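Shown below, as structure tokens, is a lone chain in the form predicted alone; questions about how it binds or moves come after it.
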């Protein structure tokens, strides 16, 4: 009996063990997204002043669970599936240590359930950051530790698969760029999990009484080495998927593999240091350390994203122009497959991540400007642009691609699927922009009640702040509806979608392998991809992308100037 299945539609080879593990991790991710989305609705309708849905205790409980389920569980479950895909499937290699991989998955599920139960018991409403001296139940920290250990096992299985592929010569030349990006994400993940262990294990011991004291300043520094870096795993993962989708849908090849690989290397070296922008207002940390980490180090990390932001759409433009879409500056873009939800998800993700998430991230990393927006609702607006759109929408797009390829089911409701990325992107953009506006007017990041009802020292925001929070609430509702549509389409496809393989039954949609006769393929050695290192030698081949890049630069300069101007109005110097 063989171990590999050849997908007749994509030409991809799936190892039986890796295929099952990809499926169960993707399903666990979808469940986490469902929980996170329902909780997001409660949070948004409470921050919407005219609705103000939940009482204070429930609001903070919902906010804690939403952060953990959306930023950790949904994304990391999906990323483990991506790691197995990028190693086993793309390298045509058997998965290393499948039993260890199943153990890792089991620990992640147990950890996710344990943490959620601790939160919904009502005594762990410490938000995702869980800053001490706030103390959660011991099971809250234990669940996170178990989840992290399971994810770490998944990373090591990924590395082991790379070793097997190299030793068994399943590919020629260097590993593909997408796999290289996944390897970058896994390296950052190991650093992230190690940082989490350094702080969460003592905090767990503190919660059960074995350690008397955890220093809050020390906790924040080490926690953000985990908290910020975990989001950088997302960045690297979704950038890798951008390259994958461009290649599969448009036949796009990287404009320069060397430059793209160098950009991934910059992520490894500098992204973690940039986490200092979360603690720019903390006492006890030298100004020199803050300035170095949020300027020189962060700029090199930003350079990596700028490189990818140029090469990904640039490679798409070159591929489209090679197909004959050369009329004017942007025919290549107009004639792109905008009706394909995989492409539209990635395209919207690139735009929102770059123009909103990227620009606001650099602005927040400026120490002086950070003082006026730190701990305002501007901060979650920023990471909703980077994670909720940049990463989540990219993962949604990849899911649409993999339903027929991996799960062997035809997607249901194709018209709804066509519009879902636009609905989600529009809702999130409304939410983000108006949260940013409200944050600029000083609306607090975490406070349950804008009115400060009953407070001894109350404060009244301007009417514009209330209006912006209301519009942001409308955007949140729209985004939740779009998220629900995504889950309806994907889960519905797994349950009732037309079978593309006779043995693709209900259990097969949730991890059980297909019939034994499906695994009869013997993959050939993956040939070395044709190197593309000289784009532009025969002329300027991506002028449209260059114009878009210049538009991004002008937008950044204008927005940067506006924030300095605003700073001068609230911090006058003579």
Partner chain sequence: MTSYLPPAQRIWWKVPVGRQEIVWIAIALVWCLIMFFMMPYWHVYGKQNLSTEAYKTTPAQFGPKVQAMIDQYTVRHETEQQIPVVAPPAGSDIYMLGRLWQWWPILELEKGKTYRLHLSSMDWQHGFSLQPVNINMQVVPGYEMVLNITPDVAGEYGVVCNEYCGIGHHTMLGRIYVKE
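Positions refer to the first chain, counted from 1. Because the structure is a prediction, the values reported are computed rather than measured.
Not on display, but discussed next: the form predicted in complex with the partner chain.
- In the predicted complex, no heavy atom of residue 267 sits within 4.5 Å of the partner chain.
- Using a 4.5 angstroms limit between non-hydrogen atoms, residue 111 is distant from the partner chain in the predicted complex.
- Remark: residue 549 counts among the residues lining the partner chain in the predicted complex, judged by a heavy atom distance of 4.5 Å or less.
- Mapping the unseen interface onto this chain, residue 366 counts among the residues with a heavy atom inside 4.5 Å of the partner chain in the predicted complex.
- Note on contacts: among 254, 357, 427, 421, the single residue with a heavy atom within 4.5 Å of the partner chain in the predicted complex is 254.
- With the partner omitted here, the residue from 542, 26, 39, 33 that has a non-hydrogen atom within 4.5 angstroms of the partner chain in the predicted complex is 542.
- Residues placing heavy atoms within 4.5 Å of the partner chain in the predicted complex fall in a single listed stretch, namely 130-138, out of 493-501, 381-389, 130-138, 466-474.
- Taking the partner chain as positioned in the predicted complex, the residues of 159-175 that bring a heavy atom within 4.5 Å of it are, in sequence order, 171, 172, 173, 174, 175.
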